[in-house]
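Presented as structure tokens, the chain that follows is alone, the form predicted alone.
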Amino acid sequence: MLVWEREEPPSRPVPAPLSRERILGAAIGLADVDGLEAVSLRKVAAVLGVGPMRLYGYIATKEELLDLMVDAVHAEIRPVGDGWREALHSLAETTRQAAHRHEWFADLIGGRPRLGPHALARGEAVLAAMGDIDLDIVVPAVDAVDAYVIGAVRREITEWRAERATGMDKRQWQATFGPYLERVFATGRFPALESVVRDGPHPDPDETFRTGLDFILDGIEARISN
């Protein structure tokens, strides 16, 4: 049986009562502050003031704990709106917002479908919003939006981590390496790249995300209209 199907042990009148909800809250708190590296059953038990062995009645492995953490974040992703376009736009935005609140979430999404109750509810809401559109369009359309969002948020979070690791934000990094690019462009070997760097748009992260999302949604709309 999967962790979502197993009953929790009966509660006991002890100084530190446990539940999956409390365990999950402690684990997410650790991950939000220090990343997934900070999450272990031993560290979660320490936060809760109990011995690690007590956790095994609720969660069998660290992998189960990570599954529960991911599903808890899926509860924050609830696509809303009238029609398929608003729903997919909402799906993308709420997924990005959840990843911004929980950086570690970006490391765990993608790959095989998530089967927790909140992840399934999210999937049900998205598919229901697609209405009577042919499934041959619905499936790749939702996959395309998911793939775009995963790539976009991972790029954003990678930038945040690079800023913390180097002590330089994006503008400082550009100023540091700008002289090198000037020397490279002076060779005349990269005219197209030089044009983009000098004259191309440089939108902020929010505009970058929404512009890219509109490209995806416009493509889906064109396919539906055919």
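Rigid core here is just the name for the largest C-alpha set that superposes within 1.5 Å across the two forms. One rule holds for the numbers: they count along the sequence shown, beginning at 1. As the structure is a computational prediction, the values presented were derived from the model and not from experiment.
Same protein, other form: the form predicted in complex with a further copy of the same chain, not shown, and the subject of what follows.
Residues R42, V70 and A75 are none of them found to lie within 4.5 Å of a further copy of the same chain in the predicted complex, as judged by heavy atom distances.
A residue is said to contact a partner when one of its heavy atoms sits within 4.5 Å of a partner heavy atom; V80 fails this definition for a further copy of the same chain in the predicted complex, lying far away. Looking at T211, you'd find a heavy atom of it within 4.5 angstroms of a further copy of the same chain in the predicted complex. In the predicted complex, at least one heavy atom of T158 sits within 4.5 Å of a heavy atom of a further copy of the same chain. A residue is said to contact a partner when one of its heavy atoms sits within 4.5 Å of a partner heavy atom; F190 meets this definition for a further copy of the same chain in the predicted complex.
For the candidate set A60, A186, A162, V33, a heavy atom within 4.5 Å of a further copy of the same chain in the predicted complex is found for exactly one residue, namely A162. With the partner left out here, a further copy of the same chain still marks one of 61 to 69, 196 to 204, 24 to 32, 42 to 50 in the predicted complex; by a 4.5 Å heavy atom cut-off that stretch is 196 to 204. In the predicted complex, G123, E124, L127, A128, L135, D136, V139, P140, A141, D143, A144, D146, A147, Y148 are the residues of 122 to 148 with at least one heavy atom within 4.5 Å of a further copy of the same chain, listed from first to last. For S195, the Cα coordinates differ by 2 angstroms or more between the shown form and the other one after the core has been superposed. The two forms, fitted on the rigid core, differ between the shown form and the other one by less than 2 Å at the CA of H118. Relative to the superposed rigid core, the position of the CA of E182 differs between the shown form and the other one by 2 Å or more. If you compare C-alpha positions, R112 and V70 are 3 angstroms or more closer together in the predicted complex than in the form on display. Inter-residue distance, R114 to W84 (Cα): increased by at least 3 Å in the predicted complex versus the depicted form.
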